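One chain comes next, on its own, written out as structure tokens in the form predicted on its own.
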């Protein structure tokens, strides 16, 4: 009994300390939110009271000012700093010029990383877009299509980390003679494969299995967007094509695809942008080991595990340069589509 009393005192003190710390953090957060709302209310009140020739410029500054500040502090300044650090050594103390970029261009491990990234960039977006288009065509002809679309779209509500954990359990593999708990291994055993491999360790199969997670998540997005584009095709065009003898595959290739080509490209490039930045899946499932490393995860590893700021920044710049053309092309395509409407 005395022992219990001696233990109870520190335990209660620790619990009180944790509660106080939590209350302090909650109070600071609530205070920051209330302060921000107070500033916004004061700004809007001042804008509403402004009159005369200064009212419009003041309204523009007040509306665009916060967005501009956030854009500068959250994107422009970090981008410029990253470019700056990419020309320095690991400790950001000595200027080394383009040495970090030379390392990225000549290092064999980085060549493997770039090859894996290229495979992701080609295979995952095409697979997700193609499967989404196929499902859009199939589901639109079914009764209760809203239910099926919701089920296919549901993975979009799951974070990539959660999806990776789910598929890590699916790919779980145990040795011969043991009960398999992974769905993929169980299917392999049911088909007569007595000793399925450790899927995550099997190169290069593991790269394609990881891509499957991205395809699973993004297929719903592709299906919903492409289904809306298909429904927007005027019935007159479809009926005219049918009267000219176009049916089945010919109708799809010569009428449906050309009519939704812009949407198809936008979906494809959007998934390509997401794929290029794929970090969560590789980080969660393999940590970049077993030949699965990609550019985004290598950037993180160089910066925060090997503490080489210069190389990590150089890889970040390379990743930005890879994503930027896709973003610009996507914006240009959307503007062109709006102009034609």
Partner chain sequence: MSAEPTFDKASGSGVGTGSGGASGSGAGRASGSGGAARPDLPPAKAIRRAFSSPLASALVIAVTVLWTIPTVGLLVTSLRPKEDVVSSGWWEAFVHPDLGLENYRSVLFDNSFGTSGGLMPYLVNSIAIAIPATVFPLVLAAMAAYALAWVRFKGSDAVFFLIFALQVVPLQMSLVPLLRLFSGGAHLGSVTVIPALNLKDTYLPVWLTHTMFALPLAIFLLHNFIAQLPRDLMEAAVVDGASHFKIFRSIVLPLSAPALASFAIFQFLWVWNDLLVALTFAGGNPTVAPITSRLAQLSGSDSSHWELLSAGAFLSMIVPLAVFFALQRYFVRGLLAGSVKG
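We call the rigid core whatever largest set of C-alpha positions still superposes within 1.5 Å between the two forms. Numbering follows the first chain given and starts at 1. All values derive from a computational prediction rather than experimental measurement.
Below, we turn to the form predicted together with its partner chain, even though it does not appear here.
Proximity of residue 115 to its partner chain in the predicted complex: non-hydrogen atoms within 4.5 Å are absent; the residue sits far from the partner.
Though the partner is left out of this view, residue 94 does not reach within 4.5 Å of its partner chain in the predicted complex, counting heavy atoms only. Contact between residue 56 and its partner chain in the predicted complex is found at the 4.5 Å heavy atom cutoff.
Contact check for residue 242: a heavy atom falls within 4.5 Å of its partner chain in the predicted complex. With the partner omitted here, the residue from 161, 105, 123, 265 that has a non-hydrogen atom within 4.5 angstroms of its partner chain in the predicted complex is 161. At a distance of at most 4.5 angstroms from its partner chain in the predicted complex, all three residues 64, 71 and 181 contribute at least one non-hydrogen atom. Contacts between 72 to 101 and its partner chain, taken as any heavy atom within 4.5 Å in the predicted complex, involve 73, 74, 75, 76, 78, 79, 81, 82, 83, 85, 91, 92.
With the core held fixed, residue 66 shows a CA shift of 2 Å or greater between the shown form and the other one. Core-superposed comparison between the shown form and the other one: the C-alpha position of residue 324 differs by less than 2 Å.
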